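So this first bit is one chain, no partners, the form predicted alone, shown in structure tokens.
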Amino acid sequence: MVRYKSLAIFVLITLFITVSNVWASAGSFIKKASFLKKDKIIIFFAGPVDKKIVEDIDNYYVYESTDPDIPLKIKGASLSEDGKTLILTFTEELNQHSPHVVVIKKLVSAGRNLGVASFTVRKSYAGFLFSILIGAMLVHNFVFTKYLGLCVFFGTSKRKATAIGMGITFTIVMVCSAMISWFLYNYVLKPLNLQFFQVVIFIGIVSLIVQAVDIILRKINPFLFKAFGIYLMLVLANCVILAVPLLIVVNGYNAIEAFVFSLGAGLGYFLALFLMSSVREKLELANVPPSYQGLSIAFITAGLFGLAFMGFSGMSIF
């Protein structure tokens, strides 16, 4: 009886080691996999694979990591001449912001059956964060593409020094309010099902932060405080400051992504103020017709900047 038990244990251990080796060899045979264009995934193998097997679309099961029960339809599979590179083409565009799991049911190389290979395809997270930053800063600039925060924008862009000070202040307020709003939304409002209070809470957070900046500026830099004038108080209800935490909630960003998005939005506002102030200082020396002086030429200039920033629309990074 003891002999049979020992034999059974030995058989089970042998099977386990064999299966583990098959899975390890199959998994390690995949060198790299990444998205290619909008509807393709490219896979690099460590060695040549069997063309007939890997080009059989029934040999794959691909799904988004968030929806494992919904397989994605594959249009075709194409293997390179050296047998080391495979391109999977899908019938629909892939959501490249979400990781995708690719399961190859059978993988054969040099007549050796490597078994099942399973791996995850995802974008570079650093590249994704960089795309959020550039998107908020240039592609979807809140001033020149969304036309938000124009009151403070036109009021503080007459002088470069004032514009730089307001840009820095705006960025600090935006980042701080966005991060505090993200924390309260995810750890207070959402668990208590009080999401409908988000606008009121976000405005309150912005008010507290702006009041703190007001007090600090009075003590540290009275000249800059006087230069801001009433426009510092207008930051309290500025639509850009409120739009950032609301967009973070809509897009479902985590803490790091929320920080990068708010920083990009602040830097975008800073860039808009700096560009506008640089041009408006030069316009004072230009021969502008009387009917276009003041806010009229400022609006025309902002419109030209808006047309220029439209060139970034549709730009995709990483």
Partner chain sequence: MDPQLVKIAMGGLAVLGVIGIVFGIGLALAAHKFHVEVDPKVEAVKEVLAGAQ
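Positions refer to the first chain, counted from 1. Because the structure is predicted, anything quoted here is derived from the model rather than measured.
The discussion below concerns the form predicted in complex with the partner chain, not included here.
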item	value
Contact residue in the model of the complex, from 113, 98, 118, 211 (heavy atom within 4.5 Å of the partner chain)	211
Answer option from 172, 108, 87, 216, heavy atom within 4.5 Å of the partner chain in the model of the complex	216
In the model of the complex, residue 201 touching the partner chain (heavy atom, 4.5 Å)	yes
Contact label in the model of the complex: residue 126 to the partner chain, heavy atom within 4.5 Å	no
Any non-hydrogen atom of residue 184 within 4.5 angstroms of the partner chain in the model of the complex	yes
Partner proximity in the model of the complex: residue 223 to the partner chain, non-hydrogen atom cutoff 4.5 Å	no
Region of this chain that lies against the partner chain in the model of the complex, out of 73-81, 164-172, 129-137, 187-195 [heavy atom, 4.5 Å]	187-195
Members of 283-303 lying within 4.5 angstroms of the partner chain, judged by heavy atom, in the model of the complex	none
